[in-house]
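Before any questions on binding or motion, here is one chain by itself as structure tokens, the form predicted alone.
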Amino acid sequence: MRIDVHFEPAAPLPDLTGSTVVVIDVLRATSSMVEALVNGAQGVYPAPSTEEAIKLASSLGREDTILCGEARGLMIEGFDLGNSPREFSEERVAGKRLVMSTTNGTRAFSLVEDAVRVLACSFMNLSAAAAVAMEADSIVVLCAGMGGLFSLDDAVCAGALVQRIRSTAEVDVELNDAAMGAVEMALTFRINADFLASTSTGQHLIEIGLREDLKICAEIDRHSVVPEMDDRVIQLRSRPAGSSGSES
């Protein structure tokens, strides 16, 4: 088994045709996707831009479609929801299609459509994502980063994912340099809201009044579900055998 980690999507990606890709955007796209799907959303449609999100929502039909996402951390004017996991309650999203556009996370999904499988991971579904990803022989972990730059929260989550896979896999696991570095980072930091608050992304969220998002995004294995993208729609796959956490 081989695991390659990429710390930001601007870097050249390898040929993905035979790989499972795991996209990570801890603060906050993949965390919000997990929470929304657990609470009954039909699916999440990631859009790489605000304009494309508006067009897609219109084509799907606005009656059952929610526009959600952010620009610079704040809800986009005219959208129904922002990008806070706390917004995606059952009352708001159950039975709805979510068209989502975010600064970093949804753009990352648009780069990996050639992969065999594309999974969404955050601290909130870490063990479940690891259990599914390790079914593959070739895994590419793509951190959404922050504005095309390295993001510590995503890198630590990637390292924690790699470490879970490596400690469980019954085969030899080959890592690229970034994967080895990510594991060392994951072993260095204690994952909690204070850690997320110390990161550049976390500090930005605090500055715009969204400190409470850090608490939920730091909850390791809050849920045991794995969002998976198929034909540009992200939905829940079956619960992995032996995974921990709750589905609701």
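Note that residue numbering begins at 1 and tracks the sequence as displayed. In this text, all values refer to a predicted model and were calculated from it rather than measured experimentally.
Just so it is clear, the following notes concern the form predicted in complex with a small molecule, a form of the same protein that is not shown.
- In the model of the complex, residue 102 approaches the small molecule with a heavy atom inside 4.5 Å.
- In the model of the complex, the small molecule lies within 4.5 Å of some heavy atom of residue 27.
- Contact between residue 66 and the small molecule in the model of the complex is not found at the 4.5 Å heavy atom cutoff.
- Heavy atoms of residue 205 reach within 4.5 Å of the small molecule in the model of the complex, making it an interface residue.
- The stretch among 91 to 99, 120 to 128, 174 to 182, 69 to 77 whose residues place heavy atoms within 4.5 Å of the small molecule in the model of the complex is 69 to 77.
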